[in-house]
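One chain comes next, on its own, written out as structure tokens in the form predicted on its own.
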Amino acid sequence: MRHFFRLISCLAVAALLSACAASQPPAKRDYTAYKESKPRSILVLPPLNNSPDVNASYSVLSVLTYPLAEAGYYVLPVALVDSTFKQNGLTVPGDIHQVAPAKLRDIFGADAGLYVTISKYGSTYTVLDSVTVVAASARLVDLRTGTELWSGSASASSAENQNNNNNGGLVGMLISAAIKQIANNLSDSGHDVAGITSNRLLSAGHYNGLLFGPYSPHYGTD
């Protein structure tokens, strides 16, 4: 019996240590190259779209500049950038992402480029619910040297902070899910969720996030 309790105690300690290890935050990012680069202007490239929604790239692109500007960076106008790429025969994000950083620097004169990849965009219908999810990752690259300065990922869902009222029973839940699916498709709720994802991904001042830019009053404090 004594051995049994000892075994139980060891398993409990191991489970506790495992839980503590799982709850630890990710390692602190090394910002050495980022701080040495001191980017002032950012070129946002059209995002790569790995989702089935053909509108995802332009939808996400339209909401990427706001958090960057709020963080204190000058962001090249996306309409001007898009037009310039088209004038040079580049219309596909996959081709644009293959352009050498030095070439992008020559054309646009920006200090850094933001490369974004969309992994999820749009609404999915399950039996009892309809949820819109947008997930993306980003890399900030020094266009003068090609050095990666920062990378991160974020996601958002329409199900967050949702008050599930099941008073209508199973039939009510099915009807509610169907209505939400139709409404999401008609209104492109993915665009609204993309704005939340973009803010989470590119806002400065949070753990392992972007550093504040030179046009922010918080510049140099992080």
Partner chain sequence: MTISKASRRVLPLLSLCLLAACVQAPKTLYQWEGYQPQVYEHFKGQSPQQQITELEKGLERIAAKGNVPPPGYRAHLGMLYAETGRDDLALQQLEAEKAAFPESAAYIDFLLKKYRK
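Numbering follows the first chain given and starts at 1. Because the structure is predicted, anything quoted here is derived from the model rather than measured.
As for the form predicted in complex with its partner chain, it is not shown, yet the points below apply to it.
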In the predicted complex, which of the stretches 131 to 139, 91 to 99, 146 to 154, 106 to 114 has residues with heavy atoms within 4.5 Å of its partner chain? 106 to 114
Checked Ser37, Ser158, Ser62, Ser51 for heavy atoms within 4.5 Å of its partner chain in the predicted complex; positive is Ser62
Decide if the three candidate residues Ala69, Ala79 and Gln87 all line its partner chain in the predicted complex, where lining means a heavy atom within 4.5 Å. yes
4.5 Å heavy atom contact, Tyr31 and its partner chain in the predicted complex: no
Could you list the residues in 193 to 222 that come within 4.5 Å of its partner chain in the predicted complex, counting only heavy atoms and keeping sequence order? Tyr215, Ser216, Pro217
